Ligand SMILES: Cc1cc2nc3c(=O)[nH]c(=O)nc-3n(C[C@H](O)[C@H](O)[C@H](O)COP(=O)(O)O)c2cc1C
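Form predicted on its own, single chain, as structure tokens, below.
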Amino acid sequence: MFINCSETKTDQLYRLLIGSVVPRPIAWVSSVNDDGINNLAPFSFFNIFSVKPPMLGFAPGYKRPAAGSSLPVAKDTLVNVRACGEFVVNVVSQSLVEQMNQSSGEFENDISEFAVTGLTPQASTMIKPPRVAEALISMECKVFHIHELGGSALVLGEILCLHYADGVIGTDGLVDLDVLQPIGRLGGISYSTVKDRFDIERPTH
């Protein structure tokens, strides 16, 4: 089967792409709006892109236009990140899947997903938005650049500092995946865990 992206409907292309690029890590982004209300939402269009400087990116899509309008509506996270210039990326462990899924709902901007999910907003060290106290890894970020893509926006953030819960970093100095138990997004409504793993040495020449 051959798919010409320019000739494919957006909804169909979306389903194909999210089923082809798998598993995808999830950026559970906490932000704060101008009224001081904390927001929390997951995004699976996410990855790290640089170590020096430490840089990550996530891409929130726009909501469908309201009835009678042709203008896309920015999600609360994007609105907050634009205004504040700061955000936290929290890692989703398997024990937090239900709360992550709850926070993906469409809520009015005066409702905090922290309250809806029962999660604890914990003060960040270097920025205004809080981190998720229950998350085993959190990354405080400042906005480096926001690039408009049409149906979404690519938010690039410089990682200012990292928070790790006790036991997440093993004696070898690496993240212990058996402790972290991260989940990934697959196609549709499916998710994956990181259980079956294997090591392979890179070739030397």
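Position 1 is the first residue in the sequence shown; the rest follow in order. The shown structure was predicted, so the numbers you read here are calculated from the model rather than taken from an experiment.
One more form of this protein should be noted, the form predicted in complex with the ligand, which is absent from this view; the next part is about it.
Asks: Is it true that Val89, Pro130 and Glu158 each have at least one non-hydrogen atom within 4.5 Å of the ligand in the predicted bound form?
Replies: Checked in the predicted bound form: no contact with the ligand for any of the three.
Asks: Of these, 40 to 48, 172 to 180, 159 to 167, 136 to 144, which stretch puts a heavy atom within 4.5 angstroms of the ligand in the predicted bound form?
Replies: Answer to the contact question: 40 to 48.
Asks: Consider Met100 of the chain shown here, and say whether it contacts the ligand in the predicted bound form, taking contact as heavy atoms within 4.5 Å.
Replies: It does: once the ligand is placed as it appears in the predicted bound form, Met100 has a heavy atom within 4.5 Å of it.
Asks: Please determine whether Gly118 contacts the ligand in the predicted bound form, using a 4.5 Å cut-off between heavy atoms.
Replies: Taking the distances in the predicted bound form, the answer for Gly118 is no, it never comes within 4.5 Å of the ligand.
Asks: Indicate whether the ligand has at least one heavy atom within 4.5 Å of a heavy atom of Gly57 in the predicted bound form.
Replies: Taking the distances in the predicted bound form, the answer for Gly57 is no, it never comes within 4.5 Å of the ligand.
Asks: Since only the chain is shown here, I'm wondering whether Gln122 would be in contact with the ligand in the predicted bound form (any heavy atom pair within 4.5 Å).
Replies: Contact with the ligand, no.
Asks: Given a 4.5 Å distance limit between heavy atoms, list every residue of 74 to 89 close to the ligand in the predicted bound form, or none if there are none.
Replies: The stretch 74 to 89, when checked against the ligand in the predicted bound form, contributes Lys75, Asp76, Thr77 at the 4.5 Å heavy-atom cut-off.
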